[in-house]
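Consider the single chain below, provided in C-alpha cells and representing the form predicted alone.
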C-alpha cells in the first residue's frame, strides 16, 4: 500500500514563521526528507521523527528517496525553505512522479512564508503594487532567458525581487542584471538588501541602484529593486499603491464630524 508525500514550506528560517499547518504536518509524518541545512532549522520540531538528509544539488536524489519511502507505505514530508511552491520542491516531486508514471501516491503541498515576504516586511512596504520575482541563477535556466526576463520586467516598471543574485563563482548574471536595470531606472532608485532573513546573521540595509553593483551580496541575499515610484523614508522602502492620487493622505481625520 502506498503512503503519501507532504511537500512542506518551513518558512524563511525562524520557527516563529513556521505555519501551524506546517508544524502539524511535520509532527504527523513518519519521516522527514530535506536539505541538511533546512533540517537543522527544524531540529526542535518532532525531534524523534527520522530524518533523511542530503546536500546541495541533490534535490532529485532526495525526491526519489521520498517516493521510494512513500511506495513502502510511509507518510513522508519533503521540506523546502520558504514556500515549497516558490523555487521549492513541490514541482520536482510532481515531475518525478509523472516521469515514473506513479499515480497512486497522494501528494499535498503545505504552503509557507517565503523569504521574499520576510524580506519585504523587514524593508517596510516595497511590494504594494505589481512586482516580478526572478532567480538570477543560471544553473537550471539558460542565462539569456534570465536576462530577458530582467529586461522585460524592468522595462515594465515592475518592482524587481531577485533571488540567488550572486554565487562565489557565479557573478556575471548579477553584473549584467545591474547593467540592464540601470538602462531603465534612475541611479537614485531605492534598493533593499536582506541577507539571511529571519535567520542567524540577518542583515537588512537600503542602498541605491547606483551603489548596487558594489554591494556585498551572496546566495543568501534577497534584493528588491524599487520601481519609478518607490521611495525611501525613515530607513524604510515604500512603493505607493496609488492612494495618494485619490485621497488626501496628509489631512488629519476629525472624528467629531462623523455621524
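Numbering follows the first chain given and starts at 1. As the structure is a prediction and not an experimental result, all values here were calculated from the model.
Not on display, but discussed next: the form predicted in complex with ligand SAH.
Taking a 4.5 Å heavy atom cutoff to ligand SAH in the model of the complex, the contact residue among 70, 32, 222, 191 is 222. Proximity of residue 229 to ligand SAH in the model of the complex falls outside the 4.5 Å heavy atom cutoff.
When contacts are judged by a 4.5 Å heavy atom cut-off, residue 196 counts as touching ligand SAH in the model of the complex.
When contacts are judged by a 4.5 Å heavy atom cut-off, residue 177 does not count as touching ligand SAH in the model of the complex.
Ligand SAH in the model of the complex comes within 4.5 Å of a heavy atom belonging to residue 164. For ligand SAH in the model of the complex, the listed stretch (112 to 120, 91 to 99, 181 to 189, 141 to 149) containing residues with heavy atoms inside 4.5 Å is 112 to 120. Of the residues in 63 to 96, those that come within 4.5 Å of ligand SAH in the model of the complex through at least one heavy atom are, in sequence order, 81, 82, 83, 86, 87, 88.
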